[in-house]
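Let's start with one chain on its own, the form predicted alone, as structure tokens.
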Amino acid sequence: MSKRIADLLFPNIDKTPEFYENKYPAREGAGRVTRFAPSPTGFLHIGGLYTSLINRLIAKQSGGAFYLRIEDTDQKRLVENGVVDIITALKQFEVEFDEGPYDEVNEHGAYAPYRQSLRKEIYQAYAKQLVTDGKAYPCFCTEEDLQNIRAEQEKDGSGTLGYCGKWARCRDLTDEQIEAELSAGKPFVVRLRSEGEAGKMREFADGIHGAVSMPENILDIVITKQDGLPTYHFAHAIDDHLMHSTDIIRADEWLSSLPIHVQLFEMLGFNVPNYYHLSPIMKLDGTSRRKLSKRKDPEARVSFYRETGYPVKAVIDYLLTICSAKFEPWRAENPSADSLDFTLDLADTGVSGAMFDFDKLDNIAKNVIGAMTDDEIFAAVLAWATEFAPDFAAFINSDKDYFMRSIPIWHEKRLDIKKWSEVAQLYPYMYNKQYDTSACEMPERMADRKADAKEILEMYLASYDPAADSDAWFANVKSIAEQKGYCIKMGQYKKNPDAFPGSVADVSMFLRVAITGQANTPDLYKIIKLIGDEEAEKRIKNYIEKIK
């Protein structure tokens, strides 16, 4: 291949690779440089958040840089506002990047542009040099030609598939033949002239999987498409070289591409970065394990966790728990520390996919919420409700003091709530002004004692003292129980339950159900004082009517 052919293929490219090597010099400092490079083709997957979080952590703990790169060369699959959606999702989960786009147009960083669609001339400069050096060539094969090649390969039975070796029809075209095709106006792609040997194995280093033995790449892969834009493989190598990525930390679905990527780095004369391939987050589907699916699993969407109200810190801590077995002990010793203060060693990351465990996430979330102050909870719930539950937000805003006073009732010394959507769901008796306990199902233990329950509720209304404190209030409940022959000492009742119609716990339960509609709640006295004596009395009277 000659420079003349390279000039014919890329007539508008007047800059050389040396120009870009000088434009994007090596970074100062010895820190590790990582990146997150998503395609704006849909919502951010939880696996993407997982990957970006790890990249951010590795860069931060080494004093390096973490940048966002948008891989948007597949123009047909792009979605509207895809870049902003990715940036917004990352910021919502506190994954900050040092360089990259901050909206659909603007970006910051010395290695811009960070959108591959804006780097077309850079890729073409390197492709042009490869053609000049005889390491790449134009291919004029049509889709029909490629299908025929595949059919011939399948018929041949050699097991070889793809554009390579004797099947690479345009690999050995002469300059004259290429010029004739170009003169005829035939569209073309540019392919790498692979230097791999068929049947030859090579050992590749992976920071998680260790030494991986794989066949060398023998395919003459496309490096620039008919529209002049690069393929993912080609752009990846050039961008990671020019942006000086030291560590490529990505999903293990790309592990099979490692021979191609290493070959590209070597043929381009670049140093090969360190590769780490993260195992996927899995889900149990029946008795089988599978990757979380964008199509099947709502929890695959990062937005799911915000919509349901999981605290951001809980999601981040859970993902780091998946990543390293050392994170949980670290968190136990550093309960209030920033998650990004954890020192991560990627060698500790498992090679088999971790199962997504909602029970684990829920327990982490409960502890995160349990450690929050009432003021922090107020702000978090209001922010969540404003975005996702406007009716609840309106309720809070209508009487902020009421909502603030309600928080300690379910928060103090309790771990009931794991996501903000549960606040109104678990405590409707505090947050629904139209709440009707008489419409709630009566517990079986109460239904078996309807006559007693009715009389106990009437006795309570007759003896209730609004001025009584918590101790005096409960003393009155015990007095009612004793008058009805219910045992007021739980130890005695447990030893001989058949000697009594019930215990003081049953009496409390009758009151609790009448006031809240539930058999188990936080402190009932505090609930009464929150909703008000008048509201509590109204609910009890309505419930008495139900018992008739």
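Note that residue numbering follows the sequence shown and begins at 1. These numbers were taken from a predicted model, which means no experiment stands behind them.
There is another form of this protein, the form predicted in complex with the RNA, and it is not shown here; the text below is about that form.
Contact annotation for residue 517: none of its heavy atoms lies within 4.5 Å of the RNA in the predicted bound form.
Within 4.5 Å of any heavy atom of the RNA in the predicted bound form lies no heavy atom of residue 183. Contact check for residue 512: a non-hydrogen atom falls within 4.5 Å of the RNA in the predicted bound form. Among residues of the shown chain, residue 353 is one whose heavy atoms approach the RNA to within 4.5 Å in the predicted bound form.
This chain is displayed without the RNA, yet in the predicted bound form the stretch 67 to 75 from 263 to 271, 67 to 75, 171 to 179, 337 to 345 comes within 4.5 Å of it by heavy atoms. For the candidate set 214, 198, 312, 118, a heavy atom within 4.5 Å of the RNA in the predicted bound form is found for exactly one residue, namely 214. Checking 301, 366, 331, 241 for any heavy atom within 4.5 Å of the RNA in the predicted bound form turns up a single hit: 366.
Three-residue candidate spot 380, 538 and 541; no residue lies within 4.5 angstroms of the RNA in the predicted bound form by any non-hydrogen atom.
Interface residues of 220 to 238, taken as those with a heavy atom within 4.5 Å of the RNA in the predicted bound form (partner not displayed): 222, 225, 226, 230, 231, 232, 233, in sequence order.
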